[in-house]
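The chain below stands alone, shown as structure tokens; this is the form predicted alone.
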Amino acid sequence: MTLPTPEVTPLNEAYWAGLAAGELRFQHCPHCGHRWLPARRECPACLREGAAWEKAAGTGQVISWVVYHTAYHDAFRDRLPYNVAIVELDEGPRLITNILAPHESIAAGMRVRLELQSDFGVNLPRFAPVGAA
């Protein structure tokens, strides 16, 4: 079974194009400066439209994580157990991702860096501990 693929829309196209080009992008508001993911038409802070896309530095910290021992989609069964984490980028946006490290070594506050990985032809943002080879 193959993994589900993302639905690329005009709203999130810049995000997926960035990943395909080897960079992680997030939106920022030119009116109030707020930065966020996932893509949306209006700023979640001031509700004004006109968001721009910005390239992330690719570093951040783990906020929270969980290790899954049950596959909630058949395509993930061969990956059990796997982790799902919330990473806060240094620029502020948070995203749901995976940490490329032994589960027992993951900790809140752990510094991580972006590592793009291709899964069935789609680049996905994953993170490894800072200092890991």
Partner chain sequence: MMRGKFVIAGVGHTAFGTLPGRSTVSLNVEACRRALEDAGIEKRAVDGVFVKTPTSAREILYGQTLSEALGLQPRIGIALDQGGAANMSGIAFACLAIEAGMCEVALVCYADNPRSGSRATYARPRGDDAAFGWFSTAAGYAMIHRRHVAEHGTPEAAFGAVAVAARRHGAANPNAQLRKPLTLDGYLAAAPLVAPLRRDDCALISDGAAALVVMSARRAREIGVKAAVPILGMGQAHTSWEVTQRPCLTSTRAKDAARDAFAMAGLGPADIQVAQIYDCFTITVLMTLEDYGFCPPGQAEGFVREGRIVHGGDLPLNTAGGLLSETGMPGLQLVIEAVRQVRGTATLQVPGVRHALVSNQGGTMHTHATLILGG
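Numbering follows the first chain given and starts at 1. Just so you know, these numbers come straight off a predicted model, no measurement behind them.
The form predicted in complex with its partner chain exists for this protein as well; it is not shown, and the discussion that follows is about that form.
Next item on the list: Would you check whether its partner chain, in the predicted complex, lies within 4.5 angstroms of a non-hydrogen atom from each of L37, R40 and N98?
Entry: Yes: L37, R40 and N98 each sit within 4.5 Å of its partner chain in the predicted complex.
Margin query: Between L47, V66, A57, A52, only one gets a heavy atom within 4.5 angstroms of its partner chain in the predicted complex; which residue is that?
Written below: So the residue touching its partner chain in the predicted complex, by this definition, is V66.
Next item on the list: State yes or no: in the predicted complex, is some non-hydrogen atom of H28 no more than 4.5 angstroms from a non-hydrogen atom of its partner chain?
Entry: The answer is no: H28 has no heavy atom within 4.5 Å of its partner chain.
Item checked: Any non-hydrogen atom of L89 within 4.5 angstroms of its partner chain in the predicted complex -> Output for L89 is no: heavy atoms all beyond 4.5 Å of its partner chain.
Next item on the list: Could you confirm whether H73 comes within 4.5 Å of its partner chain in the predicted complex, counting heavy atoms only?
Entry: It does: once its partner chain is placed as it appears in the predicted complex, H73 has a heavy atom within 4.5 Å of it.
Next item on the list: Answer with yes or no whether L124 is in contact with its partner chain in the predicted complex, where contact means some heavy atom within 4.5 Å.
Entry: So L124 counts as contacting its partner chain.
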